[in-house]
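One chain is shown next in structure tokens, namely the form predicted on its own.
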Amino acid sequence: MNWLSDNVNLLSLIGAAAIIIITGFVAGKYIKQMKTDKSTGELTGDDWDGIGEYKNPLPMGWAIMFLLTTIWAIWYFLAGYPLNAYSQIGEYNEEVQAYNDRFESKWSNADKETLKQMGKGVFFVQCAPCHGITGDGINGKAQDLTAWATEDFIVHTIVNGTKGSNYPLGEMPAGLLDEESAKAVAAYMVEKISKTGQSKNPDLVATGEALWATCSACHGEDGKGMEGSAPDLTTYGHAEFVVEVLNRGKVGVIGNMPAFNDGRLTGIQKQAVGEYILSLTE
């Protein structure tokens, strides 16, 4: 590609040349005047170690050059380089978007095993630095993903609370229920809300249903989070819940997990990470 065919390069060169010429002209003019002209006029009255300041008007040449440079800058941003003009950055972004579209199309119907293997690679690059290669959280430095999405972890969350996901209804405080009551709610949630399988405490499901009111205040009777006011618990234990966490980010012990909604991961890749994380609890 001819580098002069890039409008950004061409306009930048014109602007640089103009600035150099203007600077040379103005500087030369006033350096010459400094050698020949004598200072005259009314002083302001301020004094800095014997050095005074005249009330002279702004030099006309300087003012004109400044005005012309300002006009050129406005033209450059509004007309000379419109938002839809060619740029190498724009071309790169278009190529990345085209690649991502092909990627999403190719893997749109991938099975869970394929997604799991894809997610494993993404996990090692994006998640393992904090959660560890095995996902165990590196001795409490980050969330232990090998225990996440299990019935026992639901009990742990109810008893100890959770924070850092920036939902409108705020953080879930600790101590909403005692451990026995939390076990009952976890049993009900596993079988009736998230429907992830058979609870290991099936005899507590009915009790958990009666206690669900403690949770429904924020998560709703159906557990769907009342239109984003709180986490949607119907997806808990599914890859979709992981995707939501990735999209929102989370406050952790060693720092904040960023929200992966800036294009670093495609939708399929997030789903794949979810499937892989779920496999860590198997």
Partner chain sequence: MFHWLEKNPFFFAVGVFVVIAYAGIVEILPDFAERARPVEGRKPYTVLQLAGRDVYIKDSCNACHSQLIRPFKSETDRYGMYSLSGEFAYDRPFLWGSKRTGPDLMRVGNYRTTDWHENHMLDPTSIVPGSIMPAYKHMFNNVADIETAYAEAYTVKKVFNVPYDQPDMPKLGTWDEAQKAVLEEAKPIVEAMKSQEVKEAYARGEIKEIVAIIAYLNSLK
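Remember, it's a predicted structure, so these values are computed and weren't measured experimentally. We call the rigid core whatever largest set of C-alpha positions still superposes within 1.5 Å between the two forms. Numbering follows the first chain given and starts at 1.
The same protein also exists as the form predicted in complex with its partner chain; that form is not shown, yet it is the one meant from here on.
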{"query": "Heavy atom of Q126 within 4.5 Å of its partner chain in the predicted bound form", "finding": "yes"}
{"query": "Contact flag, L211 vs its partner chain in the predicted bound form, heavy atom cut 4.5 Å", "finding": "no"}
{"query": "Proximity of G255 to its partner chain in the predicted bound form, heavy atoms at 4.5 Å", "finding": "yes"}
{"query": "Partner contact for Q88 in the predicted bound form: its partner chain, 4.5 angstroms, heavy atom", "finding": "yes"}
{"query": "Among 145 to 153, 192 to 200, 92 to 100, 107 to 115, the region lying within 4.5 Å of its partner chain in the predicted bound form by heavy atom distance", "finding": "92 to 100"}
{"query": "M172, V205, L177, I138 - the one with a heavy atom within 4.5 Å of its partner chain in the predicted bound form", "finding": "I138"}
{"query": "Contact residue in the predicted bound form, chosen from L11, A18, I268, A259 - any heavy atom within 4.5 Å of its partner chain", "finding": "A259"}
{"query": "Contacts with its partner chain in the predicted bound form, stretch 58 to 73 (heavy atom within 4.5 Å)", "finding": "F66"}
{"query": "Per-residue C-alpha change between the shown form and the other one, S229, threshold 2 Å, rigid core fit", "finding": "no"}
{"query": "N247: Cα shift of 2 Å or greater between the shown form and the other one (core-aligned)", "finding": "no"}
{"query": "Displaced residue check between the shown form and the other one: I74, CA, 2 Å or over, core reference", "finding": "yes"}
